[in-house]
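Okay, here we've got a single chain as structure tokens, the form predicted on its own, with questions on binding and movement later.
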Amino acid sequence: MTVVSSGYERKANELYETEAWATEALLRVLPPPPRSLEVWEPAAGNHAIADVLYQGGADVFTSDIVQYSRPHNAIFDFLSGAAVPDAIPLRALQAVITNPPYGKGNREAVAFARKALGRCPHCWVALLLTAKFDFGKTRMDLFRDSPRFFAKVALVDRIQWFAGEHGGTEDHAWFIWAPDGIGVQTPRLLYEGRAA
């Protein structure tokens, strides 16, 4: 498949709803089972990811930079230097799972990944990103040089972000980092898609 430009003009704080199958694909391979996990979804939007996690048995705490139609545990700019709000039980969390904003050249996504790893060193971190996100030499600290990088889960189906006749125009993958101290030997490359 060829990646093509959608020609869509993006807007600030625009909502990109993750299709349920993409989160279900993550849950099939995430090492800790979702039941009884304490998860933070820090770019929760209208809870598309959070709802699937919750259905899988996780306790999910949501935040976002703005309020959409669903209420969050906190309105919070994850990339800010501000302290995490009390509504998010940072010390009790076991995972950070989200589809972060990408920004131009994936710069916001890079900042989101680094911030997630720094804010929650004792957590699993899973971010839904463009499939080539790990191809940047300025990101070696997140991949080649990271003792926490655990797996890349390539999605073999494309995500459709907006309603309409046309499918997705870009490939995506889940990138997973383990908690500090797990001692990842060799990161895994996995393939998932829509359930058959």
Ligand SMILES: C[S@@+](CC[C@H](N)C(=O)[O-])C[C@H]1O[C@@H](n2cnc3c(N)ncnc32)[C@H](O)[C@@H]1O
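Throughout, we count residues from 1 along the sequence that is shown. Computed from a predicted model, the values in this text were never measured in an experiment.
Form predicted together with this ligand: not shown, discussed below.
Residue-level contacts in the predicted complex: of Val29, Ala131, Ile65, Ile159, one residue has a heavy atom within 4.5 Å of this ligand, and it is Ile65. The chain is drawn here without this ligand; in the predicted complex, the stretch among 147-155, 54-62, 41-49, 134-142 whose residues come within 4.5 Å of it by any heavy atom is 41-49. Of the heavy atoms in Asp86, none are within 4.5 Å of this ligand in the predicted complex. In the predicted complex, this ligand sits within 4.5 Å of a heavy atom belonging to Leu15.
This ligand in the predicted complex is approached by Leu79, whose closest heavy atom lies within 4.5 angstroms of it. Remark: Phe112 counts among the residues lining this ligand in the predicted complex, judged by a heavy atom distance of 4.5 Å or less. The partner is not shown here, but in the predicted complex the stretch 78-110 reaches within 4.5 angstroms of this ligand through a heavy atom at Phe78, Leu79, Thr98, Asn99, Pro100, Pro101, Glu108.
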